[in-house]
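Only one chain comes next, encoded as structure tokens, the form predicted alone.
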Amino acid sequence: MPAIIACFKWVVDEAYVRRMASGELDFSSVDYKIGEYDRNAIEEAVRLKETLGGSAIGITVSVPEATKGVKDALSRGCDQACFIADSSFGNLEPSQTAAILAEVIHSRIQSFDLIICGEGSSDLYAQQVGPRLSEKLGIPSVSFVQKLSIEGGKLLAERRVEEGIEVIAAPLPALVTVLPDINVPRIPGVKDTLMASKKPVVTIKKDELQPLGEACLQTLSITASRIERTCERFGTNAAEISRFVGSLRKTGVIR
């Protein structure tokens, strides 16, 4: 029976972000949630567990205040959770997150068959943590998976590529990053939420880990996008296209 790890991230709920008159984003009243893509990862891990037996373990790297996210993951069907928490973990780079996850999985969990990550996080959407984690653990990685199964001790996955659908078989243990259309995440009920409080959570602090290098990226500001429509019409002949391109150059849209 497989042991499946689902990685997830506690992120800002974009529904609470407001745009100020200056164009800056207002985060003063935001709430948080498990990222949309990570909900698919958790759901797929739980579905495989329900079909094949075994266990589903949720794991996250976040700030200590993210305990609500850990409970949410448990209410969605994970049997236990690994909570790697420190106040400095709120703005990690993907390389740092992958390094922390790899260390904890290697030293604490040790035995596993499959790791499932979302396609990308709901905030950075760098799509790097999954592939970096598989590299550090020395296991196969399959990205953009829209359907997967475990048969005969192997991973069978359908991944979406530009040319169509690619079917891949890989030995276990392995890691996959899943697309949102792989499933529809369940909505936890009251009983699920109550049961989540009784499930085991292993909390790991920063001083129990290897020292992290300094972050190389720094966010200076975040500005809301803006759409301005000119409603300019143009025809399909060469003269109309040339005129339209000229107007775009005048407004600085293209050069």
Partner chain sequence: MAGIWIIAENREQTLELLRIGGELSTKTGTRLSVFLSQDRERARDYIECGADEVFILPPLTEDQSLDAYIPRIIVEAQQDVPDLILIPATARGKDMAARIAARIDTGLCSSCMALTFDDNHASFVMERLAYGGAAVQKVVCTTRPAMATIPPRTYEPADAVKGRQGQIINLPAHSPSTVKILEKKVKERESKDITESRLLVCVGRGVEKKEDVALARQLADVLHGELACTRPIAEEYHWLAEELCIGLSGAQVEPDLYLGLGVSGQVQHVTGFRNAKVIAAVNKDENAPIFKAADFGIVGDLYDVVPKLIAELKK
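C-alpha atoms forming the largest set that superposes within 1.5 Å between two forms make up the rigid core. Positions refer to the first chain, counted from 1. Note that this is a predicted model, so its numbers are computed, not measured.
Here the subject shifts to the form predicted in complex with the partner chain, a form of this protein not shown in this document.
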At the 4.5 Å heavy atom threshold, is Met20 in contact with the partner chain in the predicted complex?
-> no
Interface membership of Val104, the partner chain in the predicted complex, 4.5 Å heavy atom rule = no
The partner chain contact in the predicted complex: Pro171, any heavy atom under 4.5 Å = yes
Proximity of Gln210 to the partner chain in the predicted complex, heavy atoms at 4.5 Å = no
The single option of Asp79, Asp113, Glu158, Asp86 touching the partner chain in the predicted complex, heavy atom within 4.5 Å | Glu158
What residues of 112 to 128, in sequence order, lie within 4.5 Å of the partner chain in the predicted complex by heavy atom?
-> Glu119, Ser122, Asp123, Leu124, Tyr125, Ala126, Gln127, Gln128
Does Thr230 move its CA by 2 angstroms or more between this form and the one not shown when the core is aligned?
-> yes
Any chance the CA of Thr219 moves 2 angstroms or more between this form and the one not shown, core superposed?
-> yes
Does the C-alpha of Asp26 move 2 Å or more between this form and the one not shown once the rigid core is lined up?
-> yes
